[in-house]
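Next up: just one chain, as structure tokens, the form predicted on its own.
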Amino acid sequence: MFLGKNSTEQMGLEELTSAYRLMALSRRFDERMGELNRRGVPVPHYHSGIGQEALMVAAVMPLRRTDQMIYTHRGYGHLLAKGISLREIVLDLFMKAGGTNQGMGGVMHVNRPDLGVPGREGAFGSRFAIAAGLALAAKLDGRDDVAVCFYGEAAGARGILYEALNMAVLWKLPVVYIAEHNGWSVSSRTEWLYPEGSMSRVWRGFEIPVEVVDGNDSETVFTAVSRAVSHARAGNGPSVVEGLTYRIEPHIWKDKAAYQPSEEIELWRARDPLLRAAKRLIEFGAGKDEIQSIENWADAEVERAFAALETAPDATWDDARRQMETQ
């Protein structure tokens, strides 16, 4: 489901309902992956995004179909909000034919150029320059499209960030960088890697717009990113949005996360973006039966995706080659 372009910077009932649908779908899928992990089913390159759904979904909603997006490896809300089906994501994740890369790139390299998802970097952290390059291409072509680049603590500690930022500022490129500040870079706390514990602190010297927001509030995220996208689309150059959220689950399924204080996890569970969005929907006038209907739909979508997985053939290089030839 592609959410399309919004003309307003404020979320109404329709936008919040759409966001809640995709947040619920991302959560249900994440929970299913967790169940498989606990049962000992190998899930390659699975990184849970539970607790970060608002920052993934609501940040993509202001984008057009033709706007470019570089996503992170944590969770799948970015991809769902850009229009990629859960079925395609599942097939890529389990290396099956029929996904976006015919199972040959896994979920770390989901790509749908027709939806503005060109894929992810091969060298970790190079996404900053790739996003700047996508923005430069749009500018040279005379298009008012925008490139949006999500990144986490680990990627943001790479030196290429500064090189890309210098180019983006120098050439006033239409690019928005979105920092997913979730408290951890694998097992290292954010404040161990960044001055003042802020991922966006390093951007201030470039004198570009920087906004730090509550990353677990869908409306706040939507408004902040809408402003940043409008700023870029109008030819005013780059900006950054830092969303404060938390990584509820371990870094990856093999990680026991003994370093995360249990009381800290529970504190952030109380700030669950889905619970907050559901509460706001009720304040907007939605009924509890409508919210339950959305959750039932998400459950059914997950079941349909896994039903497709059961019958999907294994991926082959010939399938991947044929798909590339048609793009």
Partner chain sequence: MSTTKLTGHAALNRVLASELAADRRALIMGETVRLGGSTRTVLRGLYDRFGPRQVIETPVSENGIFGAALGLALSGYRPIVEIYTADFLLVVANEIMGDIAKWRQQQALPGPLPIVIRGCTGPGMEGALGSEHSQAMEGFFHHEPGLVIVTPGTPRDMAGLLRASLRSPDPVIFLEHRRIYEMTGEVPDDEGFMIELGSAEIVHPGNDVTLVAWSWMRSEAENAVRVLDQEGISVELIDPRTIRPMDHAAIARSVARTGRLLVVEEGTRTGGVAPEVLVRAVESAAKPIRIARVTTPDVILPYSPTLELPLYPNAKTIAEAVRRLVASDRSAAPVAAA
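These numbers were taken from a predicted model, which means no experiment stands behind them. Numbering follows the first chain given and starts at 1.
The discussion below concerns the form predicted in complex with its partner chain, not included here.
Point to revise | Segment assignment from 161-169, 208-216, 82-90, 223-231: heavy atom within 4.5 Å of its partner chain in the predicted complex | key: That would be 161-169.
Point to revise | Every residue of 116, 152 and 186 near its partner chain in the predicted complex, heavy atom within 4.5 Å | key: Verified in the predicted complex; spot residues all out of contact, no.
Practice item. Scan 136, 97, 193, 252 and let me know which has any heavy atom within 4.5 Å of its partner chain in the predicted complex. Key: The residue from 136, 97, 193, 252 that makes the contact is 136.
Exercise for review: Tell me, out of 202, 129, 244, 248, which residue has a non-hydrogen atom within 4.5 angstroms of its partner chain in the predicted complex.
Suggested key: Looking at 202, 129, 244, 248 one by one, just 129 meets the 4.5 Å heavy-atom criterion.
Check your understanding: So in the predicted complex, does residue 105 come within 4.5 Å of its partner chain, heavy atom to heavy atom?
Key -> Yes, residue 105 sits close enough to its partner chain in the predicted complex that at least one of its heavy atoms falls within 4.5 Å.
Exercise for review: Spell out, yes or no, whether the shortest heavy atom distance between residue 120 and its partner chain in the predicted complex is within 4.5 Å.
Suggested key: Heavy-atom contact with its partner chain at 4.5 Å: present for residue 120.
Exercise for review: Flag residue 111 as yes or no: does it have a non-hydrogen atom within 4.5 angstroms of any non-hydrogen atom of its partner chain in the predicted complex?
Suggested key: Judged by the heavy-atom cut-off of 4.5 Å, residue 111 is in contact with its partner chain in the predicted complex.
Review point. Should residue 101 be classed as touching its partner chain in the predicted complex when contacts are defined as heavy atoms within 4.5 Å?
Key: It does: once its partner chain is placed as it appears in the predicted complex, residue 101 has a heavy atom within 4.5 Å of it.
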